[in-house]
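A single chain comes next, written as structure tokens; it is the form predicted on its own.
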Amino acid sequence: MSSNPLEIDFAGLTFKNPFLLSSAPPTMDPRHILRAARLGWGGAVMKTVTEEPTVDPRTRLGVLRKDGKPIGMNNIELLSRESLKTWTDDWIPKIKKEAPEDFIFIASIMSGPEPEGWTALAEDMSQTGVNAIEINVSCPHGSPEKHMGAFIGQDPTLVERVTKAAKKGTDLPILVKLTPNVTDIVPIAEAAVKGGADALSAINTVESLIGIDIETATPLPIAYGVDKKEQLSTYGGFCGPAVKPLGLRFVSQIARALPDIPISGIGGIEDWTSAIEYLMVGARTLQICTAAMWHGFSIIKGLNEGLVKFMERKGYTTLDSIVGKALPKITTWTALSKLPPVVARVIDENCTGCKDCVVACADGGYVAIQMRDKVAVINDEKCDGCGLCYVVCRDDAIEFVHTN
């Protein structure tokens, strides 16, 4: 057994820790990737390449804020600006030569619905020394207009076809990056596995419109039309902490349906606690983009340290013992008790008397809370245990206790 508690096997590869940079701006070139490698990241997925480089609009990033704090980001950026040849002949050899030996480097490729493009790209990447190949069938903006990206990833037949095509061009492990912009992700995941996928990455960004500049009635982020004068925008890909609930849902659904397929979890992972959440619903590696863009690559230190300390505190000796830990507790709505076994209680010493819970319960709940001596008090007979007071409390002053 390895002495490194963060070591994890994934699709035949051994990662020194589960944290990877996902295919995005932080992996746009060797400078970024090598900096991350030297800081201790377990690996990285390069920015996706296709047959021709892309050019992006400006601006291309939008933000969703709550009380001034960013909670989500939208992008209308596409693939690598550099040519396939630059990556295969210069950049990947440089990365493989200069990165630590235990750094796992994964290529990312995209082509159209015809299989030949996927086979050729996989063949090209296989000659470079990369450790695996991730196929991008999930970009939600720009690419679908060209019958690429999520255009393919929303169709099980196409997903199976292009996965088979990529497998034909390589002996390396193939990861298929899935889109959340579907009603049910499981048939898509099953199609990828049927096509020969060795692992799945989930999820790519969520198609979105981040907001509107109400002063000019212009969608955000503000870009420009072909005349370079008219301000326009388009639907983009939403990422960051706000998408974590979606990522957890999709990863858990895939893990329950396909328990033998390794999953690389993506979506709103910003600290060691969110990383553990993904591990507990079935992910074995964890891809990060937004947190690295907002806070820098040095977050890897806190991610690793937090994960190790949690494992020590809880008695987990390996990451394997965490993976899927929460899955047995995910059930159907029908299987849940409909007689509320709990009611809310106020932790008096934490209550600041803000009255947020009183207002919420009066208009959105069961009128079960009132103020007494500047502290909220809950009437057990009226409390329905819905949890609304916990949702609005900013001071960690609500707990739940059993009624019997």
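In this text, residue numbers run from 1 along the sequence as written. Being a predicted model, the structure only gives us computed values, none of them experimental.
The next section is about a form of this same protein that is not shown, the form predicted in complex with a small molecule.
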Using a 4.5 Å heavy atom cut-off, indicate which stretch of 224 to 232, 320 to 328, 184 to 192, 259 to 267 touches the small molecule in the model of the complex.
-> 259 to 267
Check all three, Glu7, Ala36 and Thr285, heavy atom within 4.5 Å of the small molecule in the model of the complex | no
Looking in the model of the complex, any heavy atom of Gly385 within 4.5 Å of the small molecule?
-> no
Wondering, does Leu61 line up within 4.5 Å of the small molecule in the model of the complex on heavy atoms?
-> yes
Flag Ala24 as yes or no: does it have a non-hydrogen atom within 4.5 angstroms of any non-hydrogen atom of the small molecule in the model of the complex?
-> yes
Is there a heavy atom of Leu78 lying 4.5 Å or less from a heavy atom of the small molecule in the model of the complex?
-> yes
The listed residue (Thr163, Ser111, Thr205, Ser252) that reaches within 4.5 Å of the small molecule in the model of the complex by any heavy atom is Thr205
Contact assignment for the small molecule in the model of the complex, among Leu307, Val281, Cys239, Ile106, heavy atom within 4.5 Å | Cys239
